[in-house]
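As structure tokens, one chain now follows by itself in the form predicted on its own.
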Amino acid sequence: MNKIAIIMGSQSDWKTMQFAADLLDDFEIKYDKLIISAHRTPERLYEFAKNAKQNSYSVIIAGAGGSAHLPGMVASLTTLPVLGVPIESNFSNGLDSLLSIVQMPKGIPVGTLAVGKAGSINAALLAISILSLNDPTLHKSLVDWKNKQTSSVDKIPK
């Protein structure tokens, strides 16, 4: 089963992670959305990550801001691909989140995307790409999506 988990550290992160969910909806991919704080709900984090594969998830998209420990902590507890989305913060426009997620120690991989909306959308596209490796129908849908994106770009400015 191709199911994706969209997890985030707090309710306020949903306004960014919603973009990933919207794109997964467009591709008719099942997902669950969950709030899992690395600091405020560590037992929830541990239980989720340790059981993610058994719960039929194929990819985890993890959005976090500030210290942004969620993606790395989840990646340390699962073998599933974890895609990290840095959430824009008030402190440094998300640079702190980006650096926290991208600077993982050897052996704890997190695929880190751009800060904010672009990162959320690209995380969904990367998850779709991963799932499409074993799903010809989904692969065709992804090719069609990319072709539509390409054809929407004008050759001459208006």
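Start at 1 and count along the sequence shown; that's the residue number. Note that the coordinates shown come from a computational prediction; the quantities given were computed from them, not determined experimentally.
A second form of this protein, the form predicted in complex with a small molecule, is not displayed here; the remarks below concern that form.
### Task
Report the stretch among 21-29, 143-151, 6-14, 130-138 that approaches the small molecule in the model of the complex to within 4.5 Å, counting heavy atoms only.
It is the stretch 6-14.
### Contact of residue 40 with the small molecule in the model of the complex (heavy atom, 4.5 Å)
Flag for residue 40 set to yes.
### Task
Consider residue 64 of the chain shown here, and say whether it contacts the small molecule in the model of the complex, taking contact as heavy atoms within 4.5 Å.
Yes, residue 64 sits close enough to the small molecule in the model of the complex that at least one of its heavy atoms falls within 4.5 Å.
### Query
Is there a non-hydrogen atom of residue 83 within 4.5 angstroms of a non-hydrogen atom of the small molecule in the model of the complex?
Judged by the heavy-atom cut-off of 4.5 Å, residue 83 is well away from the small molecule in the model of the complex.
### Query
Is there a heavy atom of residue 74 lying 4.5 Å or less from a heavy atom of the small molecule in the model of the complex?
Close contact is absent here: in the model of the complex, residue 74 is far from the small molecule, nothing within 4.5 Å, heavy atoms only.
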